[in-house]
Each structure stands twice: as structure tokens, then as C-alpha cells.
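Consider the single chain below, provided in C-alpha cells and representing the form predicted alone.
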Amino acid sequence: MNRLKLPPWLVLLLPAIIILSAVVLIPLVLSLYSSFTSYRLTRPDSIFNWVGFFNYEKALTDVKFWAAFGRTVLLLTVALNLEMLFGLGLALMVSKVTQGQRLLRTMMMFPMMFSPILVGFQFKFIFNDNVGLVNNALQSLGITDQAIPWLVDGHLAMFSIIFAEIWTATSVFGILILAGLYAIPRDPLEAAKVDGCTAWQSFRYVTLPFLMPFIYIAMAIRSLDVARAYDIVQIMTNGGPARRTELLWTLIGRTGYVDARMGYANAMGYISIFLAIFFTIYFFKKLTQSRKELGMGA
């Protein structure tokens, strides 16, 4: 009897394939299947109730879903642009430092090391109405004589979340842009100086084009993070007040685990994944375009 003999490379990869299948592939297939059913956590047998594209049609016509999508795009747009600007400024300042630059680069990475849940609790305390550091500082300085409801007012709550996101991830842009600054060849900068270009002209027409690939890489990474933002929002506001800060993934979590409508939540999740992929493809196209402009190829 001939025994099946696997090639050595497959034997080496088999444990990884089994683990990935158990923790990634099987749950992914199961969630995709359940998105076409009326599966509810309170009724396990409902996972066999096939409803086709009903959940997807319901999500695409749900006002709450599109409102959460709009707030997610708002967070994505504002946070990414401000993180890019602050990260660019931070990288430019650090690149000019002559002593202690290694220490500064290490300190830049600190916010990235904190868990999003810890960041959420940290800023929930900072923006607390009664004992928060922000209100205490404003009242001590005489700027206001009453507590500002940072996490209760809808507009201020979204501002607080954006502030927390910016604090957490500005260093991502700062580190990548700093790497780009070190990679810029000296010849174009020296040629611009010889031609009489001002500091702004050298930055605008020489430095910035070289930095754009690094900026788009950071934006692609961060767009995926912000598009699936959950931890910080859940801890700071839990989607409130009155769902004014409800984002896509907090809505999906509420639908799946609070309302127990897991099939519908999975359908919204897959729509959200496609939207996140769209933003990633957009930034990678911009990355490819900026590389071509620099003559770096596709």
C-alpha cells in the first residue's frame, strides 16, 4: 500500500495552514454565510434560515447605517489630514535637531504603544465634565466658569474622539515622513539652493514631492485603522449621546451583540470592509502615481 508522501515545504507550512484555517478562514466563511441568513444569537437554529441578499438590501437602505458611514468618513477625513499635517511638522522639527535625536524618535513612538482601550479611558477622564483635566484647567485659567460637556454634547463628543485619534496616531505619520526626509537625496536640495530658491520653494517643489509616497503609505495604513475604529469610541462615548458619535463598527457591534441580530451585523460588516478596501485602493493608486512622478516606477 502506497502511503501519501507530502512535499517537505508543505509539511513545514501545514501547522501554520491549520492554525490560520481555524482562527481566520473558518470564522470568515461562517460569518459570510450567516450574512445571508436571519441568524440571531438568541435563536441558534436561525442560522439555517436562508434570506439571500435581504440583509444587504436592508443595510443599504438603513438611515442609521448611512449616518454611521457619514460620521466614519468625517472622522477619516479630518483625522487623517490633521495627523498628516502634525506628523509632517513633527518630522521636520525632529530632523533639524542635532543632539538627542534618537531620544526624540523613541518618544515619538510612545503614543503608538498604548492600547486603544487604554487611550479611550485616558481621554474619557481628560474630557470628563466634573473631574476632567481639560475643564479643571479652563476653569483655573478663568476661561470658563462652568463645566463644558465634552462627552455629552454631540459636536464636542465627536471633537473629543478626533482629538484622541490624532494624539494616538500622529506619530505614525511622523515616523514615516521622518524616514522619507532621511531618504531624500542631497543633490536636488543643493541645486535648488544654488538656483536661488527660498526655503518654502525648496520644500514645496523638492522636499514635498519626495515625501508624498511616504505620506500615502501612512494614509493607507491609517485609513484601515480609522475605518474600523471601535475601541476608543466605545470607551469614550459608547456611540452617544443619542448615537451622535455612532460609527460603522460601533453600530455593527451594537447590532450583533446587543440586539443579537448577528446575520444583519455581518452583512453590514462586509459592506464596511468593501468601503475600507476602496479607500486603501485609492491611496495606493495615489502612491503609485507619486512614485511615477519621481521616476521610481510602478
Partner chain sequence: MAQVHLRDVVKKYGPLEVVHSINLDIADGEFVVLVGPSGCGKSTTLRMVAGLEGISGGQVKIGGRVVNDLPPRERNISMVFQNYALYPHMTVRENLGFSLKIAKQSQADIDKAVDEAAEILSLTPLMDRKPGALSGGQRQRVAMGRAIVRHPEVFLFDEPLSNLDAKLRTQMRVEIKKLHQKLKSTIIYVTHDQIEAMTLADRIVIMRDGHIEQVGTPLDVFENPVNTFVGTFIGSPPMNLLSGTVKGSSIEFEDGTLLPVPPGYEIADGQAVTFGVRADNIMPVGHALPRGEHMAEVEMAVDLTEPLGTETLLFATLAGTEVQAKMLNPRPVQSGERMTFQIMLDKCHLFDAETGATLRK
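Positions refer to the first chain, counted from 1. Being a predicted model, the structure only gives us computed values, none of them experimental.
The form predicted together with the partner chain exists for this protein as well; it is not shown, and the discussion that follows is about that form.
In the predicted complex, the partner chain sits beyond 4.5 Å of every heavy atom of Val78.
In the predicted complex, Pro149 stays away from the partner chain, with no heavy atom inside 4.5 Å. Met212 falls outside the set of residues with a heavy atom inside 4.5 Å of the partner chain in the predicted complex. The closest heavy atom approach of Tyr205 to the partner chain in the predicted complex falls within 4.5 Å. Heavy atoms within 4.5 Å of the partner chain in the predicted complex are found in one stretch of 132-140, 196-204, 94-102, 216-224, which is 196-204. In summary, among the residues Ile117, Met109, Ala191, Leu85, the only one with a non-hydrogen atom within 4.5 Å of the partner chain in the predicted complex is Ala191.
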